[in-house]
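A single chain, nothing else alongside it, follows as structure tokens in the form predicted on its own.
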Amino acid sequence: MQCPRCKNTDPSYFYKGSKGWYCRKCIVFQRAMLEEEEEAVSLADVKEGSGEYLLQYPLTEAQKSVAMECAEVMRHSDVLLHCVCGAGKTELVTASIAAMLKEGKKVGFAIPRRQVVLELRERLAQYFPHAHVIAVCGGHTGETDGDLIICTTHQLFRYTKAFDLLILDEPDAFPYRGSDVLHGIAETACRGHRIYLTATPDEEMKARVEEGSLHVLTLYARPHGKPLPVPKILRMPHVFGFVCLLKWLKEHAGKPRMVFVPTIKAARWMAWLLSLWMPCKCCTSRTSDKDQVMEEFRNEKDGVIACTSVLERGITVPDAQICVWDADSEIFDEAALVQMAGRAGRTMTAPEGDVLFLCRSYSSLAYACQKQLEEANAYAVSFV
């Protein structure tokens, strides 16, 4: 027995109802009957001319090389674009998207976070002015068919056998990582090949690269050519750490400053405490108006925000300075620390930034993150 939608084969999840056997593992996405093969969703044809695109800035030679190779390889194999944070992964797949659209083939772009879906839809609509680019996520499900469909990973259940190319952004992040259901649904949604975009591939992707079922392309440099900001690690008790944090915030006054913390409770506490000295916003997974909070934070240019890992990926704030409070927390893993550090120095106008890790005890993961970024900088220099 295998679920036709999520590919589950665990017999404990199957139940026989009045209409036959169905899978309870993915029932939140509507009932999937085992006796009925999942039929391909009916979507409109891709408009002629949809594949024409224009980037906002020219690609570097390194980016061009990776982009062109990806556009060739993705026709016969799944591809992993293992690129450092801020390397321009979206721009690297535009050639692949254009190649599919020019042939009248459907392209899907799945992302873990709703806010990033909306931001990416605006960017890709500018890159592909003749294509119908839509966003499908919570609050935006009135229209579900377009030439280029950008959606959260949960929304892929709508697109059975729909995509000739499916791009999965940050597949090592929650909620896609570790979810057999979402992995199965993504497999069902794609009738062609997949491109995975991440700076921090997990062990599953590394294993697929080793066995040869996943072709990996790497890029260690950002478009501006400046090295990745490497975190400075300080160890001290909370009291002294907070004094150090206040000093760090004042040193970077006039620039946007992001203070990452491990938990929602800690984010609220940190925002309240910092507000005694300076205006400070708070953003967590439970913040009801995250889009508005982030828009206000971006517009302030010198604001402070206390946030959880909800902002660790897919967020670009020009000239952002980054501090990770309790970087030794067991809640953070190496990938999370790399992603948080990767919020600094991302733009052409502000290619440098400061990253500070505040710990109470020795953290092998914090030092592993530091080493990974130093090695990426070394690789980038060696390829120049």
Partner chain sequence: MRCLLCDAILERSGLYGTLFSDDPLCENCRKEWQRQDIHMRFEGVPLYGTYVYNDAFSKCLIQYKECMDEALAPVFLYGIAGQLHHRYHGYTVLLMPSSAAKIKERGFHHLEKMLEPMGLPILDPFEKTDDRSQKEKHADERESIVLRLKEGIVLPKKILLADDTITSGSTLRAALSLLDQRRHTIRIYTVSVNRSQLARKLPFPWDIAIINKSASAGKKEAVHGKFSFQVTE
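Given the structure is predicted, the values throughout are model-derived calculations rather than measurements. Numbering follows the first chain given and starts at 1.
Keep in mind that the form predicted in complex with its partner chain is not shown, yet the notes after this line are about it.
Residue-level question: is S364 within 4.5 Å of its partner chain in the predicted complex, judged on heavy atoms?
Judged by the heavy-atom cut-off of 4.5 Å, S364 is well away from its partner chain in the predicted complex.
In the predicted complex, does R24 have a heavy atom within 4.5 Å of its partner chain?
Contact with its partner chain, yes.
My question is simply whether R31 lines the interface with its partner chain in the predicted complex - judged by any non-hydrogen atom within 4.5 Å.
Flag for R31 set to yes.
Pull the contact list for 12 to 26: residues with a heavy atom within 4.5 Å of its partner chain in the predicted complex, in sequence order.
S12, Y13, Y15, G17, S18, K19, Y22, R24 sit within 4.5 Å of the partner.
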